[in-house]
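Before any questions on binding or motion, here is one chain by itself as structure tokens, the form predicted alone.
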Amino acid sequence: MIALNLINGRWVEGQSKRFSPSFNPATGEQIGKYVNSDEIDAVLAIEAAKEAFYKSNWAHQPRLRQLVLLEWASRLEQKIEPLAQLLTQENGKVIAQSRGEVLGAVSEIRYYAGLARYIPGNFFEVEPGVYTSILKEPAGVAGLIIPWNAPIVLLIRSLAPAMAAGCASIIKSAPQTTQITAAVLNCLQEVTSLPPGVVNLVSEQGHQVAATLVESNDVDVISFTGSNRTGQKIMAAAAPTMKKLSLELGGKSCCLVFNDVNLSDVASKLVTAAIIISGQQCTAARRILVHESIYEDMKIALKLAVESVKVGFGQDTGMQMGPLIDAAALERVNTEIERSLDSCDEVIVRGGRLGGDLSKGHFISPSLIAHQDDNAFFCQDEIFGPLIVLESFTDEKHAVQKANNTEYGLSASVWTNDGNRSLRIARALRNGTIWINDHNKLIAEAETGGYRKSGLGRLHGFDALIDFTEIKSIYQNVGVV
């Protein structure tokens, strides 16, 4: 398989004609190759998007945008299984999660297809005969820098609102998941009514393309999902152009568990939330805060749940967790977890590298530790892998204080059968998304994003359009009869 660039409606090899290999993280085997682009390819993609935005009618045809999105969703829906299999092969996640990701992407595209025809403004009279019109217009050319952990749905949650708003886009795919990104966009490219240049794709092994998008005066919006450190670099590099930024960055999700819940049921759900995509999701459950009266019982329930997790090849039936994305991630995460195991108050379950049939892949089993000082590095740093930290609290105020003791603010969950308490706690937590008696439920209709160092802007929901639109006020004095 060869993942090419998509520029101005054509699949191309790139100016340098360099290619890099794509690997299966579960086996280490090469499954294809992709174009390793450079700055010239990025510039060509920007020119194509700029031409499409300013010289076609795409920005002024909401009905066309809706039809294109709807046809794209239908084409993806017809290929759910092959796309899911490719995603698991290239990303490593278990097949059930891959199927769910494709279905979620289809749902989100259809949601924004509906919104494409409803981006209203305002019209009002401010004085006799004096009128002001408020228009919401597409922002222009959008650069979308997409991560590897959920490459389909995280592409769609930026690209779909950008298209619905009327923007033209350049996508910079993650090098680890170029094959699935190209396959998803090939379904879009098959929609003949899509004007050339409205959607472009450029892949690379390094960071030159991304840097070109961020620094270009011709790119009006950058939408990025990734680490806080990279987000800060993007903000600094984009400052001279004053472009709009949509940044979803790191997280350290806390789960607050009160003493009126079913322990075994909640423990199972929390472990599932912690090991999603092998712990490589920014909203994954990281810290489990438990009322002191049930702390010992929850420790036992979590231990049983963690020890029962089935780690293996994503295509195999019954697997709950696949490999980490690549060798570098495995080395980094394993080092961070080993350091945590050596520093914590108690090791409840010691995970580690896996051998046997899994030795050639990037597999690691989950670890569970207990600790009381929430200032410890493993309670503060985003360790992007399967590590769960168990802590206790005394009362509601203490629980909120511990959960809010973080530089992040992306997501959290509250577990209680007391309806008043659940809303009271949710209101007090400084996070962009709070789940009640659940975790990791992300839907097209509900905005997500972070407080503090978890980012800027919102994706999903109606407000995602804000990141891809500008507001224009038009004044006119027409007089009175």
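Throughout, we count residues from 1 along the sequence that is shown. What you see is a predicted model; the values in this text were computed from it and never measured.
There is another form of the same protein, the form predicted together with a small molecule; it is not shown, and what comes next is about it.
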Partner contact check in the predicted complex: of 75-83, 112-120, 298-306, 223-231, the stretch with a heavy atom within 4.5 Å of the small molecule is 223-231
Taking 4.5 angstroms as the cut-off for heavy atoms, does residue 321 touch the small molecule in the predicted complex?
no
Contact test in the predicted complex: residue 391 vs the small molecule, heavy atoms, 4.5 Å
no
The small molecule contact in the predicted complex: residue 162, any heavy atom under 4.5 Å
no
Residue-level question: is residue 157 within 4.5 Å of the small molecule in the predicted complex, judged on heavy atoms?
yes
Consider the chain as shown here, without its partner, and state which of 314, 147, 140, 197 has a heavy atom within 4.5 Å of the small molecule in the predicted complex.
147
Just give me the single entry in 106, 369, 410, 275 that has a non-hydrogen atom within 4.5 angstroms of the small molecule in the predicted complex.
410
